[in-house]
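Take a look at this single chain, the form predicted on its own, given in structure tokens.
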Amino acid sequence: MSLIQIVNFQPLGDERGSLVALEANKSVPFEIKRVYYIFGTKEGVSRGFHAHCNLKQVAVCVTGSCRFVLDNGKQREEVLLDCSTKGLIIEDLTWREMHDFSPDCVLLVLASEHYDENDYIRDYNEFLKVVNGEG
């Protein structure tokens, strides 16, 4: 099974422009408890490099683009997010890295839980232990 799960958001609009509505448990497959966005990422900087024990996310490049790497400890896949109507679903216990941010990238992230530092796994070797039942 592929780690890359894309949700397509229905763009709405008319001659004035476009709009995308994101609704919990409808277009987003969970209750949304936190929203944040990443912007102004300097050239050559990569972000992420962590996993969550109990957190689901949907990432959307509202503008610009960035490349995601997802890893479940057994397989590693990449996807370029470059469309404001496509969201990347990121399940719990998935290592994520973000690379190649365009200068205009605004990455919106919807999360299923409130921020909890204890939910993070920030060391890849520790992540591998957890997903392989050793941690």
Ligand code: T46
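Residue positions are given as counts along the sequence shown, with the first one as 1. For clarity, every value in this text was computed on a predicted model and none was experimentally measured.
Beyond the structure shown, there is the form predicted in complex with this ligand, which is absent from this document and is the topic of what follows.
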Worksheet item: Does the 4.5 Å heavy atom contact test between residue 64 and this ligand in the model of the complex come out positive?
Response: no
Worksheet item: Though only this chain appears here, would residue 36 touch this ligand in the model of the complex if you measure heavy atom gaps against 4.5 Å?
Response: yes
Discussion item. Just checking whether residue 50 would be counted as a contact of this ligand in the model of the complex - the rule being heavy atoms within 4.5 angstroms.
Written reply: yes
Practice prompt. Using a 4.5 Å heavy atom cut-off, state whether residue 55 contacts this ligand in the model of the complex.
Written response: yes
Worksheet item: Which one, 28, 98, 105, 60, lies within 4.5 Å of this ligand in the model of the complex by heavy atoms?
Response: 98
